[in-house]
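First, one chain by itself in structure tokens, the form predicted alone.
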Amino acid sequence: MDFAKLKAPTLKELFVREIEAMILSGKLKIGDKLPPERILAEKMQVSRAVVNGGIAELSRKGFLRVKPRSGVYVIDYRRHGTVESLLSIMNYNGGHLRRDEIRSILEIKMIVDKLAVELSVDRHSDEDIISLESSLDEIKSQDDSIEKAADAAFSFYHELAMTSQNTLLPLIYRSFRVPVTHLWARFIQKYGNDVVYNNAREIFMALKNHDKAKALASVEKAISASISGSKEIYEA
């Protein structure tokens, strides 16, 4: 059995987590101004370098904004955040996603998968089909581990985006790797790996046969079932 290597968080990581938790819990509200770096450093018993680095990271994630000669303010991460903001929300919730976030990710996934299918039908090469079939076979072979099966499912749909020949689609899909893989693991735990394989195979066969309507319908059916149908995966 493999055991993960333990790694202690740095002071900057602890600072970032604490400020994120205060924002996500509502203790710090949109528009609130943070104390000066010197005061924050004294109150939290860290160096100003830790505070400065943490504020820079929180600004990059869309939680804070630094206004020159004015100060540091809490901003609406829903408007200014990134996928990293979503990961921070997951961590704050103990690694789980809320219902609205799950639905939103699935809706984005449907858009990406449908566009990938629509483009791939006309653009894929024989080599693309071989590569996609290999990814499909990998899903089928992962019956002993939910985590490996989830990774295999992610890889199949990422490969599907690759076959679209659109440069950005695989990058967009990959940027959601952590939350999407989390959802795959939950789906497999509830409904089994065979369902994932059969859905993916249906899309694959439609693509191979250049049947755009069938491929699009297959994507719609599979994801709609998880959004508001027989295969919902919302957290209990």
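Don't overthink the numbering: it's just position in the shown sequence, from 1. All of these numbers come straight from a predicted model, not from anything done at the bench.
Although it is not shown, the form predicted together with the DNA is what the next lines describe.
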Does at least one non-hydrogen atom of Lys43 fall within 4.5 angstroms of the DNA in the model of the complex? no
Can Pro36 be called a contact residue for the DNA in the model of the complex at 4.5 Å between heavy atoms? yes
Are any of the heavy atoms in Ser224 no more than 4.5 Å from a heavy atom of the DNA in the model of the complex? no
Hey, in the model of the complex, does Arg48 get a heavy atom within 4.5 angstroms of the DNA? yes
Under a 4.5 angstroms heavy atom criterion, identify the one residue in Asn209, Thr181, Asn52, Asn198 near the DNA in the model of the complex. Asn52
Between Val72, Ile102, Met90, Ile146, only one gets a heavy atom within 4.5 angstroms of the DNA in the model of the complex; which residue is that? Val72
TL;DR on 190-198, 24-32, 61-69, 172-180: the one with heavy atoms within 4.5 Å of the DNA in the model of the complex is 61-69
